[in-house]
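Below you will find one chain, with nothing else, as structure tokens; this is the form predicted on its own, and questions on how it binds or moves follow later.
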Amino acid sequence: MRIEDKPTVGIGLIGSGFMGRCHANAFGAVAGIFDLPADPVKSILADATDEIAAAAASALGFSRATSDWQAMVQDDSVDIVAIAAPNVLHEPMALAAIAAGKTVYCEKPLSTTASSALKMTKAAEAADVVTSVGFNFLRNPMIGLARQMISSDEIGEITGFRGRHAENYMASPDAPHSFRTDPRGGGALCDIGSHILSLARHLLGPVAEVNGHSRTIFPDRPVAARSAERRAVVVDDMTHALLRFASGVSGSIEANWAATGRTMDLSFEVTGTKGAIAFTQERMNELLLYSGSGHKAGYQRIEAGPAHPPYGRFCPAPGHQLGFNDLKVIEVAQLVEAHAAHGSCMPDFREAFEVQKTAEAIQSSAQSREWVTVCTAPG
């Protein structure tokens, strides 16, 4: 379809919770910030019931609402299917969208297991559809700058990596069970550890071997908010892992959703023979660079600004700060461009599978208490 001779792309969104609202906000804002080959149109919102879907569609600006996501996927007005539903539903929803020839934009983790993620990946590649997975922290201009510094040898030969994703939303023993604690893909490593693993791969490439240790801090949790009934926890609250990258670099990661006092400590430090860089999402508009020698050595703060694309799309002056939702807008801009060109939109399903495979290797290592090889993906 076209509006005033400008091509449009129809959006079908599944799920209107926190991430669904982030998707809707991004699709609504992106055309006013980026010069896109086509403008997104919010066509249909699907949710668990007709009532929930109708209320969310009205609030988020979608033309239609439905509780039948299967019908929505098949609808001719939908070109991109955005999946913001619970993890266990990602596979059937994505496979249906792929079969319908749609571009698929799925939240992380791609699925509940690496085997399921591989099934989805192979289906997408066989159908030659565009895919994208919501590792939106990779879209931060400061992460792009860090990757450029590493690849350009600015900090020399890389000697080490230390990464962490720590938050406190499960720090209370009374935080209830949810899809996050479901054994089918739940736990801190899969829920937030996938973000630091995606960053590690983005900056330093594939991980060859892992040695993990997991711990369940709270042995049980309420079955629901304010419930007196409690059920055992069988997933991790905290996982640490040593990493050996395929490049030979050694490193470590931590995933911890019970980190008292931490709200968004997605952070890393990369050391090299000539310098080092450090970053935390809690100060997402800054990158620290260590350089110099003698009494001039030290970390300097690099502040995000128009010199770090696509920051300038949002503001012409440095120091005015991008936010979490801006990263989603950048992600959606890249998705729409890839859809229009039928090109790649990284991280795609294949990359998300590699992240999930690495996480499962860490889980296996934590159980066996041995180093585990992260094998090359079959097919």
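Keep in mind that what you see is a predicted model, and the values were worked out from it rather than measured. Sequential numbering from 1, following the sequence displayed.
Below: the form predicted in complex with a further copy of the same chain, not depicted.
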property	result
Residue among 217, 96, 127, 246 with a heavy atom within 4.5 Å of a further copy of the same chain in the model of the complex	217
In the model of the complex, the one of 138, 80, 233, 258 near a further copy of the same chain [non-hydrogen atom within 4.5 angstroms]	258
Location of a further copy of the same chain contact in the model of the complex, chosen stretch of 119-127, 70-78, 286-294, 199-207 [non-hydrogen atom, 4.5 Å]	286-294
Site check 59, 264 and 324: each within 4.5 Å of a further copy of the same chain in the model of the complex by heavy atom	yes
a further copy of the same chain contact at residue 190 in the model of the complex, heavy atom, 4.5 Å	no
Residue contact check: residue 212 to a further copy of the same chain in the model of the complex, 4.5 Å heavy atom	yes
4.5 angstroms heavy atom contact with a further copy of the same chain in the model of the complex for residue 224	no
Distance check, residue 274 to a further copy of the same chain in the model of the complex, heavy atom within 4.5 Å	yes
